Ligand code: PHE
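To begin, one chain is listed below as structure tokens, in the form predicted alone.
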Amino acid sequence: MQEDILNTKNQALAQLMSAESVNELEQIRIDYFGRSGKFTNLIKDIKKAPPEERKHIGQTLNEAKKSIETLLEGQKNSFKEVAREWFDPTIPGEKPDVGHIHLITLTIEKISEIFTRIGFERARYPEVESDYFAFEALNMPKNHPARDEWETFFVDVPENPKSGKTVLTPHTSSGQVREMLRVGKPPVRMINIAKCYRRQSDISHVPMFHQFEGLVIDKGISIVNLKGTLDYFAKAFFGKDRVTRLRPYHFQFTEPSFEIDISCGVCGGKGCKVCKAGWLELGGAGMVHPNVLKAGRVDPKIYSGFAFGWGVERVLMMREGLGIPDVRMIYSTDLRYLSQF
């Protein structure tokens, strides 16, 4: 009889643990402790046991009954807790954390919007480019430093007999000749914004960066048009109090050529680790070289033009009120930093 009691106890406990509702628990209680329940019948059978065993059997039955009743009560309480949970489907849910557009994307949109005001059309050309459009068509000789593997990322694919090696485009200037060939005949007024790649990484350089290239070609275009365009952008983007300057320079694809500097927005022009002497170079500019016009099938005797290429990251760093001291911070994955903007 002792074995029957233990088996009945184990069966009851197993059923209670797997019960899924209060009604199911009630049915288990009736099956074991009701008028014809299994434990009720075991209690009735005690009188059939030998007298010397009845006391021990009774103790075993009471312990088993107590264990089952304790678990039964606990299971009932757990179902009652669930039943007391309140839910109103009309209450608005918790809004998930939503990010925002990255600083670079916002800057590209702003740059594009400013140049669109004065008639520029947005364009974009390949990031994986041929040596011809990246260098050859831009009047760069074979021994130019920019064509060295320590400056440019070359793609390991077979060299094309006509267009040369394949590179990750080092500048958006590679879109100049492509745009001239696409348009066919001036006027041309293009703003090309894309990713560029160079083997550089320091406080003001990153291996992958964004650049925007402006190109204007028409009859009678001069340096006056170039400076007026750049001044308009500088005032519209940086604010009326910021100062820019042109420095004579040399680029293979422009003649004459200039580098464009702006008074440092981090230190206010006093000199810091970003600008070194109060000015930060934004990029290059100049009048399109006649050889580049010829590569784009434009007659340099009839048409002239100017071009400029500036880094988006540097333009962003110099924006009023940001004070970003290191270009690499722009690509930080630290949400404490990114959430500030």
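Because the structure is a prediction, the values reported are computed rather than measured. In this text, residue numbers run from 1 along the sequence as written.
If you look for the form predicted together with phenylalanine (PHE), you will not find it shown, but the lines that follow are about it.
*Asks:* With the partner removed from view, which of 154-162, 229-237, 100-108, 205-213 is the stretch that lies within 4.5 Å of phenylalanine (PHE) in the predicted complex, judged by heavy atom distances?
*Replies:* Within 4.5 Å of the partner lies stretch 205-213.
*Asks:* Identify which of Arg189, Arg242, Arg198, Arg178 has a heavy atom within 4.5 Å of phenylalanine (PHE) in the predicted complex; exactly one of them does.
*Replies:* If I apply the 4.5 Å criterion carefully, the residue I get is Arg198.
*Asks:* Which one of Ala285, Leu293, Leu280, Val315 is close to phenylalanine (PHE) in the predicted complex, taking close to mean a heavy atom within 4.5 Å?
*Replies:* Only one listed residue qualifies here, and that residue is Ala285.
*Asks:* Would Tyr32 count as touching phenylalanine (PHE) in the predicted complex under a 4.5 Å heavy atom rule?
*Replies:* Contact check for Tyr32: no, nothing within 4.5 Å of phenylalanine (PHE) in the predicted complex.
*Asks:* Might Phe115 be said to contact phenylalanine (PHE) in the predicted complex, defining contact as any heavy atom within 4.5 Å?
*Replies:* Although phenylalanine (PHE) is absent here, Phe115 would stay clear of it in the predicted complex, with no heavy atoms inside 4.5 Å.
*Asks:* Would you classify Thr254 as touching phenylalanine (PHE) in the predicted complex, given a 4.5 Å non-hydrogen atom cut-off?
*Replies:* Thr254 belongs to the contact set for phenylalanine (PHE).
*Asks:* Going by phenylalanine (PHE) in the predicted complex, which residues of 21-45 come within 4.5 Å of it through any heavy atom?
*Replies:* Contacting residues: none.
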